[in-house]
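The chain below stands alone and is given in structure tokens; this is the form predicted on its own.
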Amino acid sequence: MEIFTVVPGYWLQQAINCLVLASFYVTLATAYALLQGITNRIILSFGDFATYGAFAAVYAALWSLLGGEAGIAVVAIALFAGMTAAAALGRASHTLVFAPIIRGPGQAVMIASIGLSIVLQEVMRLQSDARDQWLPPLFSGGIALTGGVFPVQLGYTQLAVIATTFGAIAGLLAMMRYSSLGRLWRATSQNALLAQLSGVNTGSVFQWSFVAASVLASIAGWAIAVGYGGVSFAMGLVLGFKAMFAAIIGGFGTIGGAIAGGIFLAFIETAWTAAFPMAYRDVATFGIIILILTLKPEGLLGNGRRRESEG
């Protein structure tokens, strides 16, 4: 095909698309990993937390546009609104739903998270009248990377999405490495009972981890709203499953694995869309995920060892 040999700019454009896609897969997968790492449970609600944050971001952006704001101010207001709404939702969900059952059977936690997802999706459906919500372009122009036959441009909106999401991940990694909160999370991840006997308030660690995961999910939702211009009440289901699988194929319950899995998933989807019919993209993506988990059940960065906290 001519596109493979004549237009190298096409593949540079696909690399940019991959970065944008990875920005919210990595962020959402890391949200899953934050809780998987300390609970050894799969909580399936964060795709809908991302949707909740995305709707809050869209409404805040529209409100600020009507108020005469533009550009970076609208983006910042939308981000703050999405994060604040998701943090409140995360705190309430932790207190009312997950805190009482998190040490119970894994099936109970999974069923509760599915029920919460259904409730959130129905709330979003009712308040939006089942219609997609759209934003006008918040920036015009971008940074020209190449000219010629296939000019490539990095849009300012794409740049804002990539910088914000990966900046959030970098901040999380720094916090986990250098702060007392990170040390408490690692201790709880390795052996929750021993950490508790050593004086660690594991309930508090779970609470702030849940709120932090909710905020990360909202940043992913904000990235979708701003980067693609539209959100749907039903988008959380597939998005959440993909991000969860990204966290698992990277290495169950590890933040580094979630980052690797999110980048890998974005690469697979972008490469398939660039070279093959898009109609079969999800089939191919899930097929590759199944193949990886069959050949390497512990994930790409997993070591195959059981944690001390696992039964």
Partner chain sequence: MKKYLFSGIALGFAAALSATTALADITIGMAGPITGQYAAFGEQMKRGSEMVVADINAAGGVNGEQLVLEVGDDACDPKQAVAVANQMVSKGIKLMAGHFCSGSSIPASQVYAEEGILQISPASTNPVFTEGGLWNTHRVCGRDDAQGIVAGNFLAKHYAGKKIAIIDDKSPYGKGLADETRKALNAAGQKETLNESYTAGEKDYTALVSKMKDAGIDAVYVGGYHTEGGLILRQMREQGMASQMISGDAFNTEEFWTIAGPAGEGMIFTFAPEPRNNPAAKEVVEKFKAGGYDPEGYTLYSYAAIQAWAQAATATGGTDGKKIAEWLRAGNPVKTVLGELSLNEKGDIKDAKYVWYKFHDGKYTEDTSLQ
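The shown structure was predicted, so the numbers you read here are calculated from the model rather than taken from an experiment. Numbering follows the first chain given and starts at 1.
Beyond what is shown, the protein has a form predicted together with its partner chain; the following relates to that form.
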> In terms of non-hydrogen atoms within 4.5 angstroms, which of the given stretches 35-43, 243-251, 256-264, 279-287 touches its partner chain in the predicted bound form?
Replying inline: 279-287
> Given that the partner is absent here, does residue 228 sit within 4.5 Å of its partner chain in the predicted bound form, heavy atoms only?
Replying inline: yes
> So, in the predicted bound form, is residue 189 in contact with its partner chain at a 4.5 angstroms heavy atom limit?
Replying inline: no
> Even though its partner chain is not shown here, does residue 119 get within 4.5 Å of it in the predicted bound form, heavy atoms only?
Replying inline: no
> Just to confirm, residue 273 within 4.5 Å of its partner chain in the predicted bound form by heavy atoms?
Replying inline: yes
> Though its partner chain is not shown, can you say which of 209, 158, 113, 93 has a heavy atom within 4.5 Å of it in the predicted bound form?
Replying inline: 158
> What is the one choice in 145, 130, 174, 108 with a heavy atom within 4.5 Å of its partner chain in the predicted bound form?
Replying inline: 130
